[in-house]
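The form predicted on its own is given below as one chain in structure tokens.
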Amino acid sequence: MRSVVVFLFSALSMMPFKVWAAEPVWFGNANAPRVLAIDSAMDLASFEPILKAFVALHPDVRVVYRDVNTLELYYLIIQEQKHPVASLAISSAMDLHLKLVNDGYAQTYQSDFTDNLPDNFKWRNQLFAFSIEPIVMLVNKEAFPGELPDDRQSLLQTIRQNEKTMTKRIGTYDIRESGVGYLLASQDARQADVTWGRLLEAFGSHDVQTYCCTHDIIDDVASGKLVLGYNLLGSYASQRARDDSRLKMILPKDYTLMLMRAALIPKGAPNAADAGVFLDFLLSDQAQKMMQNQGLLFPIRPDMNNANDPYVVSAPGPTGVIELDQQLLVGRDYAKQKRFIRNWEMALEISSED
């Protein structure tokens, strides 16, 4: 087991940039004969009960869990292609995971659980969705000026009418550092190009604050440093809003983006067998119900949703479901990606060195 930890840290040390990653966390019996290493762009708080339930069912497996940023996770899998460390990789940056599959970095897995997934929830039997996320705004009710926004147009109106209060107090992802941030920004541009352009312009003229990670934005909204966080993952926002009466999660009524969290088994993974067992567990009744009943995540299986359950989220308007399909790769074309980021930087009035 010590060799696994050493390998994890040595892999991180060879990365071409600083990795935002927590120290590996272990679950299960220290004497278990097998190790399942999971790299994931998911806060441990949302996943720990599921990990504990898995090792309780499989005492012969010890899980080591590493929390890595979505963009860094993508590069880490490429970096480790000759000697993979992770047996399973989980990300909300669907486009980056799809690109890994398309570029040959994942291996095929098939079971009764994956066969039962609808075709739009998997890709080539190598990428599998297990939860779905509404993309939301999070507001500090005590700090927000005036009526809370219910869509992007009302947010724009509030920004224009409360310039002093809103300046430097809106937070969103830095799409240069966050893989999921880039995905959501590009999807916003596809859903409503005119509204997205106006929103970017308003963000730029009011010194929007950019972040690598959801929890940092939520922390600053909770503290009052920010009055609003834009394009946040709904599971994290709902957890914090549930426990903090100052916070309100808003699903925009003009449209609510919905993305999927997805998992793949890297090609040449050291313990692909247990990775498949864990993937099946994620899709099982037990894990899907845990996601729902404990408010951890929003399950991918609609049969697990209870309309009377407080953890079910229903969008007030149309939804823009980000599909697992070839279209996602278009936005990751290098030239288009570079141009999109440059236009984003110009709109937000920030330089590429910031």
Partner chain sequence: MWQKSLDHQNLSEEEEKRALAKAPSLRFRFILAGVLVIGIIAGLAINLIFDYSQKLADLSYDRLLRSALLQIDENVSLIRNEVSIDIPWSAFATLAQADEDRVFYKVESLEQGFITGYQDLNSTPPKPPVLDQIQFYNQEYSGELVRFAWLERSLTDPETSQTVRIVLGQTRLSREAMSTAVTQRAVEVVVFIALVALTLIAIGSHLVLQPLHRIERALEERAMGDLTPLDINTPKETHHLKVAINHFMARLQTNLEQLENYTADAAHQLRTPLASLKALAENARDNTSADSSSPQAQQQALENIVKQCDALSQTVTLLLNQAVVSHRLQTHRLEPTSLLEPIRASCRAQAVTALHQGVQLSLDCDLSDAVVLGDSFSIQQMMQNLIENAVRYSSLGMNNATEVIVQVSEFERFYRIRVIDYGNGIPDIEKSRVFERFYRGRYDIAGSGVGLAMVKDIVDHHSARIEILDTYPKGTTFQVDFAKFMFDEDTV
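Numbering follows the first chain given and starts at 1. Fair warning: this is a prediction, and the values are worked out from it, not measured in the lab.
Unshown form predicted together with its partner chain; subsequent notes refer to it.
Note on the interface: of 138-146, 165-173, 257-265, 184-192, the segment with non-hydrogen atoms within 4.5 angstroms of its partner chain in the predicted bound form is 184-192. Contact with its partner chain in the predicted bound form, judged by any heavy atom within 4.5 Å, is made by just one of Leu329, Leu57, Val312, Leu44: Leu329. Here is the short version: of Tyr109, Trp123, Trp196, Tyr211, the single residue with a heavy atom within 4.5 Å of its partner chain in the predicted bound form is Trp123. Although the partner is absent here, Asp244 is not a contact residue: none of its heavy atoms lies within 4.5 angstroms of its partner chain in the predicted bound form.
Although the partner is absent here, Asp216 lies well away from its partner chain in the predicted bound form, with no heavy atom inside 4.5 Å. In the predicted bound form, its partner chain sits within 4.5 Å of a heavy atom belonging to Asp333. Its partner chain is not drawn, but in the predicted bound form it has a heavy atom within 4.5 Å of Gly104.
Proximity of Arg62, Lys82 and Asp274 to its partner chain in the predicted bound form is absent: no residue of the three has a non-hydrogen atom within 4.5 angstroms.
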